[in-house]
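Take a look at this single chain in structure tokens; it is the form predicted alone.
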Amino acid sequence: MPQEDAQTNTPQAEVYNRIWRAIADRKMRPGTRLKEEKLAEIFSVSRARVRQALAALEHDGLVTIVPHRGAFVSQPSVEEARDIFFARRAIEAQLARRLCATATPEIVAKLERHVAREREAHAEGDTRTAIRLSGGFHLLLGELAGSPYLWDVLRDLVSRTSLIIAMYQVRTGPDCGPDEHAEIVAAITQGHSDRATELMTHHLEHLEGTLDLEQDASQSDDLSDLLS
């Protein structure tokens, strides 16, 4: 799952992490305006702290700062969307392969517990939790593969994927679901590296296939609601 403590425990880190989470959970859509004064009020911090957090989010590609207009949640292009899925397939297929060779019973148990939580969220119709856990599954794979660098890269790609899905997905609700995740975990458990990489590639292709690259949508721009 996304690890908010990857950022230091500072006021601007809280702003960064809450906005990151709202984007990752698809609550905050591309194009949402991030008003400094409103964010300062929500988080009870100075506008200088807010600007630091927004600058960090811009560095990570999640926010676009437009001179004389302000900050907005980024709106990835069709080309960016395709590139991000290309990068995810390349990285995550190899992470799955690596885990086939290194997975311990403890690692397998963590993956199985995560998938069980996903199934529970789906069964209860808890869409917000299901979305959070579906992205968290991919981050958990990166974490358990033992590469902090690749986990950091993957965290960026997963958050950008949330923006892409928010902009272009035809259907509402999570499509990165527990059944395909369970198949990947089974292949890792059995050490079937070719099968695991094939399943991961297919899984990400399936997710990309839910996108309508002509579609956009509107939403509420009340920051208090989006960050609740």
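Each residue number is its position in the shown sequence, starting from 1. Just so it is clear, the model here is predicted, and its values are computed rather than measured.
The protein also exists as the form predicted together with the DNA; that form is not presented, and the subsequent description refers to it.
*Asks:* Heavy atoms within 4.5 Å of the DNA in the model of the complex: does His192 have any?
*Replies:* Heavy-atom contact with the DNA at 4.5 Å: absent for His192.
*Asks:* Can you check whether Arg33 is within 4.5 Å of the DNA in the model of the complex, heavy atom basis?
*Replies:* Result yes; Arg33 sits at the interface with the DNA in the model of the complex.
*Asks:* Answer for Asn17 alone: is it within 4.5 Å of the DNA in the model of the complex, judged on heavy atom distances?
*Replies:* The answer is no: Asn17 has no heavy atom within 4.5 Å of the DNA.
*Asks:* Are any of the heavy atoms in Arg47 no more than 4.5 Å from a heavy atom of the DNA in the model of the complex?
*Replies:* Yes, Arg47 lies within 4.5 Å of the DNA in the model of the complex.
*Asks:* Please pick out the stretch from 159 to 167, 181 to 189, 196 to 204, 64 to 72 that is in contact with the DNA in the model of the complex, where contact means heavy atoms within 4.5 Å.
*Replies:* Selected range: 64 to 72.
*Asks:* Check for me whether the DNA, as it appears in the model of the complex, comes within 4.5 angstroms of all of Gln12, Glu37 and Arg51 - heavy atoms only.
*Replies:* Answer is yes for this spot.
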